[in-house]
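Listed next as C-alpha cells is one chain, alone, in the form predicted alone.
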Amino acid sequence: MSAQPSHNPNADPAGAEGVWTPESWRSRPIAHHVLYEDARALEGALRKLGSLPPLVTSWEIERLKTLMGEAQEGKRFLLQGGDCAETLDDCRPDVITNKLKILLQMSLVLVHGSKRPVIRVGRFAGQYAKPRSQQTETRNGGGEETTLPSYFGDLINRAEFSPDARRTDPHLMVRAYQHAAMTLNFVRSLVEGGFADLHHPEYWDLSFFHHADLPPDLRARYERMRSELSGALRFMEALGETSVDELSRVEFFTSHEALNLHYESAQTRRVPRRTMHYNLTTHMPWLGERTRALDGAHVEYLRGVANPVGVKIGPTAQPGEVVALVRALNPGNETGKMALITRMGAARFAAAAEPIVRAVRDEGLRVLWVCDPMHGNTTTTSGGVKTRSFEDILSELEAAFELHAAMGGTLGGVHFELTGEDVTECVGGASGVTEGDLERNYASLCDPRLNYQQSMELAFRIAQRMERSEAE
C-alpha cells in the first residue's frame, strides 16, 4: 500500500464537468493506494466481486438519506459506532451480538435524553481496511531488524509479521465481502427478531454506577435516568399497543471508510428503475482525513455515488477547502447527502471548528454535523501504548454541543470507536481504567476503543447534555 499519489496532469479537478464512471478515479492522484503485485489475481477478484449480489439495497440507502435529512433539521440524532477495524476472525456471533447490543442500548439512552429518534449506524460489515501513518513497520527479532509493509487491515493484508502475511492479497477482498455478508445476515436476523433485552435496563451491565470514584451527584443522576427509562418502557408495554419487542426491531445501517477503491468500485452499479449509481457494499461510505484531497481519487469516486457520504474533518482543514469539498461531493446541495464529521481534538476544537462551521453555514450548504471525539485525542503512553482519555473525549463532545448551539445550529450526531467487549484500551471514565490497566486486555490491532462501560457512560453523559438543551 502506497501513500505516494500518482498524479495525472490531464485530470479535471473534482467536481468539474466531465464524465464520471465507477472507474474514473483511476485517472486521479491517489493517497493510500493499494498496490497489488499480481494483476491477473486482482482482475479475477474484482470480476468475482462484481458478479456477487449486493450487500445493501438502494432503497435502504435512500431511507438512510431521508433520516439524515431529518437529523440535519434537528428531528433525529445519529449514533455511529463500532470497531476501528474489523477482523475476519471476529465474524462470530458473540462479537457481533455484543457490538449490536451496545449500540442499541446507547441509542435507547439517547432517545430518552433527547426526546428524538436515533439513527443507528454501525462501523461494521465492511470496516476491514485502515490507513496507517507509517507505510512500513520495523521490528527487532533475534538481534536483527526486519522491515515489512504495515498492516492495513484484513481487506488488504494480514496482521502476522511475516513477508507472506504483509503482502497485499486481492483475494482478501472476496473474503471480506463474504464475512461482511455473513455479518449483515446475522445483524438483520437479530434486529428482526427483537433480540436486545430492552425490557429491563436495570439488568444491563452498568457496574460503573457503583464505582468508588463516581461522584455521588453523578451517580444519582445516572440512577434516576435508568429508573425513568425502565419505567417508560414498562408503561409503553402496558399500553398493549406498542410493545418493547417492537421497539427493539429497529432500523440499522452500516458504514465503513471507503479506503480501497478497488473494493468499492467493484460493487458500484446502477439498479433497476433508478438512474444513479450506488455503492452497494455499505449504506454510508466515508472519507478519512488522509483521503479527502479535492483533486484526489477518493473524492472523484464518491462524488458520483448516490449514497450519503461522510467526510472526516481535522484541525488542519481550511474553511474554503471544506466548502469546496462539500460542493464537489454534493453539487445539488441535496438534503441528507453529506455528513461532516469533525475530529479536532479537545484542546483545538473551538478554534479549529468555528470558522469551518461558520463558512459552511454562510454558504447555505446542507450538511449533518457529527462529532468524532476519538481520533483527535489519541496519545501514546511512556511505554509506547496508544490510548485515549475518556475525559478528553467527553470534553470535545461538550465543546461541539456548545459551538453548534452558540451558532444557532445543532450537533446532529456522534461517531465513536467502541466495542461491547471488556477491553482496556482507553483510560478514564467511571470504570477507572488507568495506564497501568492497559496491558490487561488491550485487544485492538489498530486504534484504542471505548469498552462497554465507557460507551454506556458516554451515552448517559450525552443524554444529560441533550436533556438540558431541551429544557433551556
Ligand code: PEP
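This structure is a prediction, so every number in the text was calculated from the model and none was measured. Start at 1 with the first residue shown and count on from there.
Although not depicted, the form predicted in complex with the named molecule is the subject of the following passage.
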Notebook entry, point to check: Exactly one stretch in 271-279, 352-360, 125-133, 90-98 has heavy atoms within 4.5 Å of the named molecule in the model of the complex; which is it?
Noted result: 125-133
Note to self: I need to confirm a contact call. Of Lys337, His298, Arg343, His283, which residue comes within 4.5 Å of the named molecule in the model of the complex, counting heavy atoms only?
What the structure shows: Arg343
Next item on the list: Could you tell me which one of Glu421, Asp447, Glu70, Glu60 places a heavy atom within 4.5 Å of the named molecule in the model of the complex?
Entry: Asp447
Notebook entry, point to check: Hey, in the model of the complex, does Glu425 get a heavy atom within 4.5 angstroms of the named molecule?
Noted result: no
Item checked: the named molecule contact in the model of the complex: Arg116, any heavy atom under 4.5 Å -> no
Checklist line | the named molecule contact in the model of the complex: Arg290, any heavy atom under 4.5 Å | finding: yes
Next item on the list: Classify Glu257 as contacting or not contacting the named molecule in the model of the complex by the rule of any non-hydrogen atom within 4.5 angstroms, answering yes or no.
Entry: yes
Next item on the list: Give, in sequence order, every residue of 365-392 that has a heavy atom within 4.5 Å of the named molecule in the model of the complex, or say none if there are no such residues.
Entry: Asp372, His375
